[in-house]
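In the structure tokens that follow, a single protein chain appears in two forms: structure 1, then structure 2.
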Structure 1
């Protein structure tokens, strides 16, 4: 009987504490800066082009081979009369979010800090009806950074 009473005292005491739950879809917890959702490409606001040069380093290092990178000559390069110092630039880029295991390796190997892990809720709430909808192309990967909506944390 004593043990039972102790159980009831415990539940009673917990009942009086502040709730720790949230009404999830309505309210969101604030995510820490280092939160890792899915990788995104970053936008160089100064020159108005992606940071990514299409060097394939991330593609080679990805353990699940979920990235596809194609590069092209940069039409905005200074030799072409443009303003950019990037000789090559990303042409097409796909990341299959359905396969990505969010290991952060692509961010680590990138020498240009051109890719980062989405640390906002948009990265976590990315369910789709069709698997193919999870294959992100260059525009989708860049749009959030281009709009200034994300600032991924990249380990120094």
Structure 2
């Protein structure tokens, strides 16, 4: 009998409390600082070029092989009269977000800190009707970092 009364009290208390509802599209809950959504490329604001040199370390380390990287000679290299110390630079870069498992291995193996995990809500809300819309190219991967919307998380 006591169990029956306790269950009615629990049900009544739950019924009388205020609802915990968030208006989802308008308000988001706070994301943790170390949250990881999908990888993106980081932009070097000082030299005005991407950090990525196209060394293929992330492509080789990716367990699901969702990255494709191509590099080229950097036209802004100091030997050619430019201001950049990077001899090679990224030419083309694709990440298939439909295959990516957000393991963070690509960020860990990058020698140039050129890849970061997107720690904003736009990194989580990337649904699409067609799977081909989930393949991000170089401009899409650099757009948020270039605009200053994503701050890379640096380990202490």
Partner chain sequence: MTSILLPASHEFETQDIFVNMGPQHPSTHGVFRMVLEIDGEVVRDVLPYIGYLHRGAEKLCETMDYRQGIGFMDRTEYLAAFNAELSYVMAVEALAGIDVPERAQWIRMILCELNRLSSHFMFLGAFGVDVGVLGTSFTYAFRERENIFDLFEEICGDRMMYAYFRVGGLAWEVTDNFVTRVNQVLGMARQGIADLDGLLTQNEIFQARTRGIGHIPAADAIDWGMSGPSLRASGVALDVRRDEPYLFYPQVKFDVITGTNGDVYDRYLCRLREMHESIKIVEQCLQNLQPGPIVPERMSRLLRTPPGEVYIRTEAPRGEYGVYMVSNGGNRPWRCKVRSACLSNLQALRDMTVGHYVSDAVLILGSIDIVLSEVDR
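Quick caveat, the model's predicted, so the values are computed rather than measured. Numbering follows the first chain given and starts at 1. The term rigid core refers to the maximal set of C-alpha atoms that superpose within 1.5 Å between the two forms.
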Original post:
Quick one, which of these two is the form predicted on its own?
Top reply: 2
Original post:
Does superposing the core leave residue 132 with a CA shift of 2 Å or more between structures 1 and 2?
Top reply: no
Subject >> Rigid core superposed, the C-alpha shift at residue 11 between structures 1 and 2 in Å >> reply: 2.7
**OP:** Once both forms sit on the same core, give the Cα displacement of residue 20 between structures 1 and 2 in angstrom.
**Re:** 4.0
